[in-house]
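Okay, here we've got a single chain as structure tokens, the form predicted alone, with questions on binding and movement later.
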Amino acid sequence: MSVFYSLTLIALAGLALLLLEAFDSKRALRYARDASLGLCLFVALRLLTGNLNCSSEALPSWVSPWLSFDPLAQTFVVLGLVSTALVLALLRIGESYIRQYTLGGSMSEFYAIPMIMAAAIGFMAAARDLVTVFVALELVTVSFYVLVSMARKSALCLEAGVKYLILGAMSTGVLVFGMAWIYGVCGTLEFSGIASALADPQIAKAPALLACGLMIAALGFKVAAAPFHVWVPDVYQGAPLPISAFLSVGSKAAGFVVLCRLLEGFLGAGSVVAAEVRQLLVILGGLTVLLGALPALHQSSVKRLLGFSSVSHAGFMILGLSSVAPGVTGTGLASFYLATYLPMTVLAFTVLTVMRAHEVGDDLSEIRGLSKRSPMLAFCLTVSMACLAGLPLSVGFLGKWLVLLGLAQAGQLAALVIALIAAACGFYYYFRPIVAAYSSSEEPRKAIEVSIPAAVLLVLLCAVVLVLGLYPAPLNGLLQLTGAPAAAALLR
């Protein structure tokens, strides 16, 4: 079976569950819980073990001109499926508290829609032209509009949905405007054609730069890059915790795979706009890491803190994309960073979801004394925050170290200094929840019982981030797959 048909099956299963929900919501929920998680994990495991056919010959003739499951596409298909599966597991853990804020206690849409989104991320990763990218990207974005505002009994949730919708619609307009300009300049919307056109020294450079700037700005909204990140803290705070986690990892996977594809053309050999686009990425990345890290210093809500830190991490990925060091490709660094960012971020949101299910908020004042109420949650929170901060011997350190190494080898000293300042700030704001968790609480609070499914997920995520931090060799394949063999050799 090919990866195309597997993704199509996931999307059709999500649509079928949505239709079933309209007639029998209880049965739809029962099926959705198991089918959604099982299908995503099954396809991801088969792709990782090489049991899915990714060759162009396995694609139907009517889609082969628009899709190609090359190594980069396979990497992001796996990242999309794994992030979706983790979010679906989070939904099951937090279902009791999310149900209170939905109309009629409906939950099946929360399980069905992510399946459609996982398939859309996969098709987006394999897209060979901007029209296919646009259709898949908007399917992901519109689905996020629905998921963010699904808990309609919560005023914060509705506010988050409205803000996300308005700013998202504006970014879509900018993206279409950029696509129109790139078509006018290059005469094509295919990535290979764009690369060939931009390598022509006779091309009109000013309109080409305008088109590149518009598209990077539009995608900056999708990946939460500054100054297009203003929606992040409010949307993260208002959305249900599992959906905030999905925004943090799934939305970034969708945005960065498109950026990777575009930059293959914008920064290709002989591109007349390569120098300017690379400088734009450095400026955008430096601004993003700072505007994510500095506001996070003053946050008392861990959920909002994770929103700002998501912005800062997006900046590190953008700086990675700007790398031109020998053997350390920008695409490889960004893919590697996203792969390491995924498990530690979901681990942090899992801890918060378990706490919220026991009516414990995410404010630092409510986290105080967590080590007495649940030593397991306190330990998992410590591991996740330490990894996000980039503590040496953690998986989070590897991603930041490779980005900093790429900047140093590329001679981007100003960006390197800014990235170091942002990383230093991270040690302060990430360790505040750890200090609160192991501080004594002034008033007695009852213990938090961690359910078996939640405990299994917590142990699994902790094991992944700890093992990969101490033994990163399994990540070599990802760097080699996405075109950074020299960086992969550094992790042996």
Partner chain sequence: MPADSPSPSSLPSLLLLLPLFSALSILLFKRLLKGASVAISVGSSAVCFVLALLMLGSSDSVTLIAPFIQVPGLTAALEALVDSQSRGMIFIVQSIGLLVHLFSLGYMKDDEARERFFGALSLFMFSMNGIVLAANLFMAFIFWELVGLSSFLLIGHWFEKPSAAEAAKKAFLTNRIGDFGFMIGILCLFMANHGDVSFSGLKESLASGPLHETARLHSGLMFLAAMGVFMGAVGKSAQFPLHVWLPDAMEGPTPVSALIHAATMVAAGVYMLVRCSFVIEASPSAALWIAWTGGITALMAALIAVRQDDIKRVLAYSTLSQLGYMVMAVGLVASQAGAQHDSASPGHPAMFHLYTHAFFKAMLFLGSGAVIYACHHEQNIWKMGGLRRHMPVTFATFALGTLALAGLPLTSGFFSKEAILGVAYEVKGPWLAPLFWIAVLTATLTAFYMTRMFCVAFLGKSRSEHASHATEVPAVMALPLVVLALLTLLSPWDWAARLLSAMKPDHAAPHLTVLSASLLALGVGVGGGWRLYRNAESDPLAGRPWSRWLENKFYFDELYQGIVHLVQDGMAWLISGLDRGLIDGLVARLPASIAGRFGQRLRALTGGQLQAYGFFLGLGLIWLIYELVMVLPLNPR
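Being a predicted model, the structure only gives us computed values, none of them experimental. Numbering follows the first chain given and starts at 1.
Not pictured, yet referred to below: the form predicted together with its partner chain.
Tell me, out of G270, G361, P227, P71, which residue has a non-hydrogen atom within 4.5 angstroms of its partner chain in the predicted complex. So the residue touching its partner chain in the predicted complex, by this definition, is P227.
Considering E366, E95, E264, D234, which brings a non-hydrogen atom within 4.5 Å of its partner chain in the predicted complex? Only one listed residue qualifies here, and that residue is D234.
Judged by heavy atoms and a 4.5 Å cut-off, are L45, R445 and V459 together in contact with its partner chain in the predicted complex? Contact check failed for every one of L45, R445 and V459.
Taking heavy atoms and a 4.5 Å cut-off, does R356 contact its partner chain in the predicted complex? R356: no contact with its partner chain in the predicted complex.
Tell me, yes or no, whether Q412 is in contact with its partner chain in the predicted complex, where a contact means a heavy atom of each within 4.5 Å. Taking the distances in the predicted complex, the answer for Q412 is yes, it comes within 4.5 Å of its partner chain.
Using a 4.5 Å heavy atom cut-off, state whether S192 contacts its partner chain in the predicted complex. Output for S192 is no: heavy atoms all beyond 4.5 Å of its partner chain.
Mark S196 yes when one of its heavy atoms lies within 4.5 Å of a heavy atom of its partner chain in the predicted complex, and no otherwise. Judged by the heavy-atom cut-off of 4.5 Å, S196 is well away from its partner chain in the predicted complex.
Choose one stretch from 251 to 259, 73 to 81, 348 to 356, 294 to 302: the one whose residues place a heavy atom within 4.5 angstroms of its partner chain in the predicted complex. It is the stretch 294 to 302.
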